[in-house]
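This document opens with one chain alone, in structure tokens, the form predicted on its own.
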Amino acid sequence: MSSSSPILGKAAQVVIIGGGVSGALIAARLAEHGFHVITLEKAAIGNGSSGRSAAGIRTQWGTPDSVAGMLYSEWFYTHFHDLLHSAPDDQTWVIRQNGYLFLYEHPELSLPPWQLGRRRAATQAWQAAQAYVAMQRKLGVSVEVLEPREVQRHWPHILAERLIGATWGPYDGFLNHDLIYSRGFARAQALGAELRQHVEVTGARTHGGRILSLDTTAGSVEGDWFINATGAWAPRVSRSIGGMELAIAPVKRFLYSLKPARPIMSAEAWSAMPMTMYGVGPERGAYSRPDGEILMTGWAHEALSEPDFTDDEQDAIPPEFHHQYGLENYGYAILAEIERFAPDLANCGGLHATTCGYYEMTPDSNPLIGADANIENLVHAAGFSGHGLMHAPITAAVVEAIITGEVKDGLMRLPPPCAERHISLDTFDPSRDFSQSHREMLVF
């Protein structure tokens, strides 16, 4: 996209559609750059997946561009209050760097010998993990490969005999999602940006391959640039304003809260537990992390896309997924998976809450961040496949680079302090050929 069209600088008006974390950090970054920013949110901020996230953040990825971007995101979140100019007495936690622990099961011990396909998958997963670690280290990630006994020494509740090994990212962890989007919009507004809640986009007036204005439930909104940051709603929003068809499938995911009935470790050890992935590969990938006194758990089950879901359906929990409907529901299946690796943890209490929301899945599990194929001044920032919160800082930087013309030959230099690195925006191009693209395998 040419930097000469539309206009740049302080005269340019950018209209962001979507009031989640991506929209918030894009708004703050563009307002700091000098753009006049208007954000439109059809409900209240955080209405979508941002407020329903497990909120993990990690640099342990299988796609080099995602690894490099997450290095910047982790730096951003550790400096969040300084970057967003929070008040000195307002330093609520943003990131807890408890680490991310990927557990890999031992093919010979954890799987029945007649299930050769699963045994082979476990072997391949561990081989791939070591290749990922080599790539991640080359890009500057602090990541370790742990032997089973090392895992048990650090976390005694995990069974060493179930493991062939683990990978450990000590600077990874989880985020305070509500604070991030609320402070992001507060910073943008302090710089003159507008936030219009309960304003829904219904269409657009276009001319010559450009959007001139959006039609909304509160009247027309003109702009020079338009950003579609609506997550699972992004395909229908793009369609309604003349944009391209987006390869995004909204898929419901569930989170469960386990309330301990008895302590199995000290309070300090509990609060320091990492985000833990219990096995990697087919039929694996249950996870848990501490959430105060509660253990948050989840798992990416097979599910059909729900392209026409309504806002109310975000929180609709079918009986087979609700913890109150007996031991056969999905929540207890997650605990059974955790029990394979950490029986004391899985059995220390009972489930007491179920929540849900939508992942915005793409065919290769990499996001769509880039220019629309039909509309010159429309940029998409969606399709994060459940990882929009951790991706939001680098998403904002990519959007800024696109509309300021700082992308050269498809490459973008990362912001300081990561400015020695470039990422290829071909990885995130909404128009990419998914049959040829690099599939991100570490998706949970």
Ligand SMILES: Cc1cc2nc3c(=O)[nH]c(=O)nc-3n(C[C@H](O)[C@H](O)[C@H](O)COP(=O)(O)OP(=O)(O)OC[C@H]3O[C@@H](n4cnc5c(N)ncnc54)[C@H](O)[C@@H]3O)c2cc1C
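This is a predicted model, so every value here is computed, not measured. One-based numbering along the sequence shown.
Another form exists, predicted in complex with the named molecule; not displayed. Remarks below refer to it.
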query	finding
Listed residue (49, 59, 377, 63) with a non-hydrogen atom within 4.5 angstroms of the named molecule in the model of the complex	49
Option touching the named molecule, based on a heavy atom within 4.5 Å in the model of the complex, out of 351, 221, 244, 255	255
Triplet 23, 40 and 53 all within 4.5 Å of the named molecule in the model of the complex via a heavy atom	yes
Candidate stretches 119-127, 85-93, 332-340, 354-362 - the one whose heavy atoms come within 4.5 Å of the named molecule in the model of the complex	354-362
Any non-hydrogen atom of residue 286 within 4.5 angstroms of the named molecule in the model of the complex	no
The named molecule contact in the model of the complex: residue 248, any heavy atom under 4.5 Å	no
4.5 Å heavy atom contact, residue 229 to the named molecule in the model of the complex	yes
Contact flag, residue 390 vs the named molecule in the model of the complex, heavy atom cut 4.5 Å	yes
